[in-house]
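Just the one chain here, laid out as structure tokens, in the form predicted alone.
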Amino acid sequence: MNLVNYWREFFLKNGTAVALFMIIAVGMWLFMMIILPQLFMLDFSIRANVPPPKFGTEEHYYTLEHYKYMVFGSALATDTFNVIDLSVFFRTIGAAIFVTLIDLAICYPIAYYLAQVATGGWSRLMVLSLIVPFWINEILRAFAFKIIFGSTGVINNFLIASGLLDQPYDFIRNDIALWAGLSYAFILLMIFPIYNAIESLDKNQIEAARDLGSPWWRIHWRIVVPHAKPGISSGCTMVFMLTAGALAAPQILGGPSSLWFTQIIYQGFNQAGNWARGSAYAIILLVSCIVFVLVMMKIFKVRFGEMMK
């Protein structure tokens, strides 16, 4: 279907008035809430850091010093590269990949069970059980995880009482609480795209594979996973992007040595007063995440249009 036919069908299906309203509303939302703020941030990132009264003056010149600082650090530093910021950046990306894989491993079986096995009231009860906990604010859930994984928390008390540990284990310092909190925070964004994809799979294909003697792992590898690939890609993309850009959970659940890249961005804006460097770091994170996702889509041969189905 070419673009002209798509828009013609869109107007015929929704009516001229509703179609125009949707186009204008979505267009304004995209421009005002996404495109325009990013353009302002990009402009900030390539200008010298000056106080607001000097905006637009000769001192507010264009420069790439903030991007250079990300790689090489201060000109007065003895290190060749900005080891601290670069290590935090790559650790954040690595942790986001790890959390995405955890969510995929947890959510794929749940989504398959909901889509192909569970029926009637049991299916609705499972969906409700997944949704209801997310009525609680994200920050409150993060503090709940801190209580659960704390040195005097539920898990440590249970392990000590059962004799498995002699003293509390520091789940927070070892980032286990952070990974668990981030994995839980975005779990619905992984489950429902996969569920929507698997739900459209014809059960007769699975039954035919079973009748032909195919083991369960081959059924999933050759039938279910290829069919659910758009949903898996969509879920992984959302979880990865949101995990890499998370701030509340790392602030609350992160240990003393587990600085998150978004925390450096936050410090640039709100503590150091260096909006230009904070903007540059934010642009670097955004572009890096987008490039990573596009590369993964290329490697796994997933088209953007398939993810939007």
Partner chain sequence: MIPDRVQKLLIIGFVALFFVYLFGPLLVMGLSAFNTSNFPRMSPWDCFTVEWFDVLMNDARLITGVRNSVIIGLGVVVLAVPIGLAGALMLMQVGPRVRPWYYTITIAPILVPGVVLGISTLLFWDRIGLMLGATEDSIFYDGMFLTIIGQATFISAYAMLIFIARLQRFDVALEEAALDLGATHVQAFRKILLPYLRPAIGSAAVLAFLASFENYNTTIFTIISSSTLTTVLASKVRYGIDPSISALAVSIVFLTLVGAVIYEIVKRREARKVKAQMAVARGEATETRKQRSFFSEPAFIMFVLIVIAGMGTIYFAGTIGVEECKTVVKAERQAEIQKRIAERQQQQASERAVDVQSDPPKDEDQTDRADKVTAKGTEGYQGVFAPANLQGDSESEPDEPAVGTEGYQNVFAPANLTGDATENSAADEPAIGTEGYQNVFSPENLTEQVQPDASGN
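Residue numbers count along the first chain shown, from 1. Small disclaimer: the values here were computed from a predicted structure and weren't measured.
There is another form of this protein, the form predicted together with its partner chain, and it is not shown here; the text below is about that form.
For the options I147, L101, L159, L86, the residue carrying a heavy atom within 4.5 angstroms of its partner chain in the predicted bound form is I147. Screening L165, V71, A208, I106 for any heavy atom within 4.5 Å of its partner chain in the predicted bound form leaves a single hit, I106.
For the chain shown alone, R141 is a contact residue for its partner chain in the predicted bound form, at least one non-hydrogen atom being within 4.5 angstroms.
Although the partner is absent here, V295 sits far enough away that none of its heavy atoms falls within 4.5 Å of its partner chain in the predicted bound form. Its partner chain in the predicted bound form is approached by P133, whose closest heavy atom lies within 4.5 angstroms of it. Among residues of the shown chain, D202 is not one whose heavy atoms approach its partner chain to within 4.5 Å in the predicted bound form. The candidate spot formed by K13, A17 and M28 is fully in contact with its partner chain in the predicted bound form: every one of the three has a heavy atom within 4.5 Å. Scanning 21 to 38 for heavy atoms within 4.5 Å of its partner chain in the predicted bound form gives F21, M22, I23, A25, V26, M28, W29, L30, M32, M33, I34, I35, L36, P37, Q38 in sequence order.
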